[in-house]
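Taking the form predicted alone, here's one chain by itself in structure tokens.
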């Protein structure tokens, strides 16, 4: 199997962490798996070079590829640009164009990092949550939207909207994921005040009839945010809409000690995916060789598993990461006394040596 990967390093620390992920993929190629990687621009670097955060050449490469591996986008130098030129618009555009509606964000606490979490070890030890976030609908894409003049003042407005079919397809992804894990699914909404999410709950209940082996529960988003820091291990799989999922998945990531540890996958209906770390572009440490590449490396492992069914290769990478952590290697974001502080390339070297 030779797979074609569209590589989008992006902005900030993106190129540094992407370099290590590609080195790891090089180290596991073979045994029936090979790949070709082609690089393109997205985000702020694309704006600087072409005037748009998602150039046509990038769009073509992404559509032709079997999967996309992305670093990070954004930075303060582009914050003053018109909204349509901002780096994050490139990310929204590729998700929408490729119909990457299902975002899978695992939050796993490795035993060696229990002290890195801001919560007590007994609260988070053994944490293993999967958040399934709908990615191409909701208030981020709803129309109408904008800023207009009303009664002599500016009024900003956005539209939260979901079609039943959109809810049903993300629900199926979540139920299937729960079926392969602990058979528990918590659907998060705000049905007490938002009709859009009342429909969300109704559809999830209807879907549950097709998955009698999965225990479905419901939770209002404000309570879910509280429960994630009070008793996070009560959850197995959580499913929610775009905006709630954006917030909750970042909250869940910090339970693990560092957002620099967490990968993510954004999939279409055929499991073609865009894989990226959950963290941002970290412009304050860009170019210094300090960034944690493990989330990007683990994203590459997710790519091998979800899009290409290369379970053995994915497991090899994940096992190597666990061994490196057990051996005491730490980038600055997860460093504690008694461990070995390393930089971006050194962490990549350690993973490859473990492989």
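Residue numbers count along the first chain shown, from 1. No experiment lies behind these values; they were computed from the predicted model shown. Under this definition, the rigid core comprises the largest set of C-alpha atoms superposing within 1.5 Å between the forms.
Beyond the structure shown, there is the form predicted in complex with a small molecule, which is absent from this document and is the topic of what follows.
Of the residues 206, 128, 97, 88, which one places a heavy atom within 4.5 Å of the small molecule in the model of the complex? Answer to the contact question: 88.
Counting non-hydrogen atoms within 4.5 angstroms of the small molecule in the model of the complex, say which of 137, 75, 106, 232 makes the cut. Looking at 137, 75, 106, 232 one by one, just 75 meets the 4.5 Å heavy-atom criterion.
Looking at 185-193, 157-165, 276-284, 137-145, which lies within 4.5 angstroms of the small molecule in the model of the complex, counting heavy atoms? In short, 276-284.
4.5 angstroms heavy atom contact with the small molecule in the model of the complex for residue 13: Yes, residue 13 is a contact residue.
Looking at the partner-bound form in the model of the complex, is residue 93 within 4.5 Å of the small molecule by any heavy atom? No, residue 93 is distant from the partner.
Given that the partner is absent here, does residue 291 sit within 4.5 Å of the small molecule in the model of the complex, heavy atoms only? Within the cut-off, so yes.
Contact label in the model of the complex: residue 333 to the small molecule, heavy atom within 4.5 Å: It does: once the small molecule is placed as it appears in the model of the complex, residue 333 has a heavy atom within 4.5 Å of it.
Using a rigid core superposition, assess whether residue 250 undergoes a CA shift of 2 Å or more between the shown form and the other one. Comparing the forms between the shown form and the other one, which are aligned on their rigid core, residue 250 does shift its C-alpha by 2 Å or more.
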